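Just one chain is shown here, as C-alpha cells, and it is the form predicted alone.
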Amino acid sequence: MAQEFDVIVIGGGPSGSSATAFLSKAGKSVLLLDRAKFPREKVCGDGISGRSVGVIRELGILGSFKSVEHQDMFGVTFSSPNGTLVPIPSASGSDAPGFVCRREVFDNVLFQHAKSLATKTIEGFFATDLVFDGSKIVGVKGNQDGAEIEFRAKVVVCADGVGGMTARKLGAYNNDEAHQHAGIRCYYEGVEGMGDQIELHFVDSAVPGYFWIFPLPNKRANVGLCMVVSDMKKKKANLQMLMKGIIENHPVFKPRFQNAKRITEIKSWLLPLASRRMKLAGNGYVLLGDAASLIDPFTGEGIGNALSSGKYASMAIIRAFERNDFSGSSLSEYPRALWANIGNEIGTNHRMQRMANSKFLMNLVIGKAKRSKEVRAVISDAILNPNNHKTLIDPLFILRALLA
C-alpha cells in the first residue's frame, strides 16, 4: 500500500523548497523528494534578485543568509557593444536589494529550512513516473537505493527542473528554441575591478547574448555567457570560444583577467524562458520553477520567479483543500495569480531582450546613461521596481535618451 500525503513535492530547489515551506506552515502533510543529496551543485549565474529577497523574507529565513558565504550587491554595471561602461547604483539604503551566492550554498539553506518543516523528506530519490487515476495525477513512482517506491497525494507539485521528467510527461516542456537560453559559466579568482555591483556586458562579439561577471567574496567571480538558442544557431556561435575571446582579447576585459585564474571547469545549461507560457496546472498537479519555464527572458534569472511560483502555487493548493477540489480548474488559480504578479514584467523583459539585439539601441541607451543622471535614475528605478521595467522600452524613454 502506497504511503499517502496531502502534497508530494518533486524537487528540492528554490521552487520546491518554497512550496514545501509554505504548505507545511499551513498544516499540510508534505513529502519532499529530490534526486540529489544536499548540499549539491547547481549550474547558475548565482545572482539573487530583489524578487528572491522578498520571498525569502516572507519565509522568515533572510537572516540565515547573513551567516553563509555571499556578496551583497548594490546595483548593476552595464556596458554597450561599443565599450561604453556605466555603473548604476541602487537607491540609497543600508540593506542590499540583492546578493550573489553560490547555488550549492543558497539552495542548501532553502532546502534545509523546507526539510525541517516537511512531514517527510527523501534525498536520493529518482522520480521515474507519475501515477494517474484516469486523467488525474495521484502520485509518483521512483526508486531509492535500487528499491521501487510509490507515494500518493491529493496534489503533486512538479518542481524537478528543466532536466526532470514531469514537464515532458505532462506535455508542458518548452522546446521552442526562440524561447530558450543556452548558458555557460565557470568560476574565476583574481578578477580585477570588481565592486559591489553585478555586471552585464553586451559585448559586440556576443550580441544578441551577454557576458556577465558576478562578484563573490575573496576576489572570486561567477563568469558566464548566454544567448537565445535560435540566435546562437543562426550565428553558428560557440559560446565557449566567444567567452574565451572576450576574456583574452577584449580591451576592457583582457586587463581584468590578465592575472585571474579559472578555478572550475566550464559548464553549460539550458534555460527555458517565460516568454513562452506553458500549462502550469491540471488535474492533481502544478508545475513550478524551471519545470514551468519561468526564466526571465532578458536577464536569464530564474530564482525569483521560482520562489514566487512556490508561493502562489501553495496559496492555490491551500484553497483547493478548503474546497476539497483538486481539479485543473481549481488549481488554475495558481497560474492566474502568478502571471498577475510577474506577467507584465516578463512581457516587458521579452521586449527588452529583443531591444538588446539592436547594437544601435544598446549603444544609445547605455551611452546616454553614462552622461545623464536622469537616465541612470530611470534605469536604477526600473531595476529595483519590476513595475517600472516598461520604462526601458517606452519610446518616450528612448526619445528622452536621444535628447539627454
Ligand SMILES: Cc1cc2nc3c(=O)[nH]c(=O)nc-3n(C[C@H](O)[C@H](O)[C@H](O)COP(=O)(O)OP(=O)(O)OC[C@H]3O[C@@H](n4cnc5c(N)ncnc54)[C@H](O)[C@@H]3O)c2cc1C
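Small disclaimer: the values here were computed from a predicted structure and weren't measured. The first residue of the shown sequence is 1; numbering continues from there.
Omitted from view is the form predicted together with the ligand, to which the following refers.
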- Message: Test of understanding: in the predicted bound form, would Ile149 fall inside 4.5 Å of the ligand by heavy atoms?
- Response: no
- Task: Answer for Gly289 alone: is it within 4.5 Å of the ligand in the predicted bound form, judged on heavy atom distances?
- Result: yes
- Determine whether any heavy atom of Phe214 comes within 4.5 Å of a heavy atom of the ligand in the predicted bound form, and answer yes or no. yes
- Query: Are any of the heavy atoms in Glu301 no more than 4.5 Å from a heavy atom of the ligand in the predicted bound form?
  - Reply: yes
- Task: Spell it out for me: taking the ligand in the predicted bound form, does every residue among Val30, Val138 and Arg319 have a heavy atom no farther than 4.5 Å from it?
- Result: no
- Go through 177 to 185, 73 to 81, 274 to 282, 240 to 248 and give me the stretch that gets within 4.5 Å of the ligand in the predicted bound form, heavy atoms only. 177 to 185
- Counting non-hydrogen atoms within 4.5 angstroms of the ligand in the predicted bound form, say which of Phe326, Phe257, Trp269, Tyr173 makes the cut. Trp269
- Task: Work out which of Ala36, Ile61, Leu364, Ala337 lies within 4.5 Å of the ligand in the predicted bound form, going by heavy atoms.
- Result: Ala36
- in the predicted bound form, residues of 41 to 77 near the ligand [heavy atom within 4.5 Å]: Lys42, Val43, Cys44, Gly45, Asp46, Gly47
